[in-house]
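Just so you know, structure 1 and structure 2 below are the same protein chain in two forms, each on its own as structure tokens.
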Structure 1
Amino acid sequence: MHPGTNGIVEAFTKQERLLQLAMAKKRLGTTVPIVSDSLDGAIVRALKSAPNAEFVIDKDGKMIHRKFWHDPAALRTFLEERFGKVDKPTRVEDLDMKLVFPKQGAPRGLVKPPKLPGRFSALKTTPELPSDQEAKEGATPFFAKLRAEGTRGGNGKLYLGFYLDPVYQVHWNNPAGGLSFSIEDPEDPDFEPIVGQTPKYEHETDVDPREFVIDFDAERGQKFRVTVRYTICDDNGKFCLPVEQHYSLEMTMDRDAGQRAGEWMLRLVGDPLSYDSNEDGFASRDELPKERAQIILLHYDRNHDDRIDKREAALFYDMIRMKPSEPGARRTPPPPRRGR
């Protein structure tokens, strides 16, 4: 839904998808069965689904309910009306969900995201994956994954973000020289390669994405080859590795690539604690604006208790790498006045 959140971008292989799934189950501490879509999104396409949709299917395989945005309370009401009330409904507390957040191997938040001029859309990027045989023999995985975006308005800007995939538990090895990339046009030998390099960082390591916004003019549909070089070390101190990898980059919008987490999410879901009208330290569903309560809770409410606390708000700001008070973050509309 929002690539880049917690460093996660699209898995490149089924194995990576399964590792992400296992990580999700561990983080959520849930025993609810989770199934994974295929890498090409066969299930989502068949259902013409939305990122947080809900479906109820009867025993004969017929659809009996669907909703664009999952709403647990409304879903319970639907099930009760359709099938009757149960004596002991399962409550969120009964699930004993322990939100286990992974131990951070290296610091985050040391490298600030660049300011993006205008709106950007994801471009089609295809990693040059090792062959099955090479993979069997232990090919180097894509520890860092490329997310490329172009401006919608055609003002010739290209965003390149290299995100360390958390399933590999590695961090940047900054003293080894940072990350560099080059963009070439394989069809045009006269094309002057475009190169980029991270600045020299004072800190030895971190897990923040390496992001670039560069001037770039290209024809729609034109294809390029991106080469990236970086050095990582694993969090357990067992190895450090220089890596060189390649991607095909196509100047075509990737409609399946979602929208990256960022400042726009702050505009959409806002600063929930500003709605804490009774000042008890929680923004509860009743205090949130009715028309946005569900979308706000979906983004912030990690333990599903229908309210948001300071820790949950902090986790959200960490996720989007921005706080409401920072310059550039638009403030949310003020909460409605009550008691009038």
Structure 2
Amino acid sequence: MHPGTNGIVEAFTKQERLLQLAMAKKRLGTTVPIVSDSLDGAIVRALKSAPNAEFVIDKDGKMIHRKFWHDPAALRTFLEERFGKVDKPTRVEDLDMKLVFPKQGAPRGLVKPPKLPGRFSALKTTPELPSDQEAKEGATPFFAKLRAEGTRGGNGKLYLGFYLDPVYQVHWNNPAGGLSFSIEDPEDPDFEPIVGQTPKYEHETDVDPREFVIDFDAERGQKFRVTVRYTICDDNGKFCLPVEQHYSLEMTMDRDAGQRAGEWMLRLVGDPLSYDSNEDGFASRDELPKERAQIILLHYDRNHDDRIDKREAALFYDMIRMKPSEPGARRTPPPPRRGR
């Protein structure tokens, strides 16, 4: 739902989806079964679901509860009212889950995201995959995956972001020439291709997205072909290879493509440490705005102790690749100091 968060991007194949789920399970340290939706989101569509929805289904298969946004405390209350209390309700600490974020083989955070001029919406992009299943399994993976967005309001801007899929454990080889792309109109031989190239980076490797914002005027529904070329190396030193891949880009809003994390998410949850009124280094639930405390804690509070520390805030900023102090990010104003 928020591609690019923690480096995760939309899978292009069933195998990639399962690899991502396995990686998520390992990172979460959980034994809870995870069910994979189909690539076209059939389950989400059938349930008319939201990114963080909750459902309770009884033993007869009847849905008896649904909520747009998951709230653990409210869910516990519902279950107790409907079925009665239990002697020993499961607590988060009883699950013994340990978040594990493996170290990257190459650094991240070296290439800053561009500031976007206005609001952008996802466009329909389709990777050119082999139609034959056997050929598809033997094809070079889409190590880098395209995210295309167009501006709302028609000011003719196009965002192209190429995100490395972390399941492949690869990094960019910057000395090999970086990433280049071209956009062509297969139906118009007179269309002059639009091309782009990453700048020369001083560092040799990283895993940051390669992002471009370009002038681009096109009609709604018009289709283009995007070609991307880059050199990739795996983190274990087994291979480095040049890659050329292709996409179909349609100038139509993709309502199922979610929304990238970034400035809007920072505006949604703000900088929790600005609410640390007693200056103890933590932002606790009672210090946060009452009407927004739950959503702020859901995004920041990794150990579920109802307070946020500097490390948890740093993990969130790393996840969305933006900090409150950076240009384009809006810092939540601190509340008035209470008297002591």
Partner chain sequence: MIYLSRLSFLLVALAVATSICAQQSFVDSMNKRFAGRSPAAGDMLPDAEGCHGDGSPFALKDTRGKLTVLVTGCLT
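Being a predicted model, the structure only gives us computed values, none of them experimental. Quick note, the numbers are simply positions in structure 1, starting from 1. Definition used throughout: the rigid core is the maximal C-alpha set that superposes within 1.5 Å between two forms.
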Number of the structure representing the form predicted together with its partner chain | 1
Determine whether the C-alpha of Pro166 shifts by 2 Å or more between the two structures once the rigid core is superposed.
-> no
Fitting the rigid core first, would the Cα of Asn278 be found 2 Å or more away between the two structures?
-> yes
Taking the rigid core as reference, does Asp37 move its C-alpha 2 Å or further between the two structures?
-> no
Could the core-superposed CA displacement of Ala135 between the two structures be given in angstrom, to one decimal?
-> 3.6
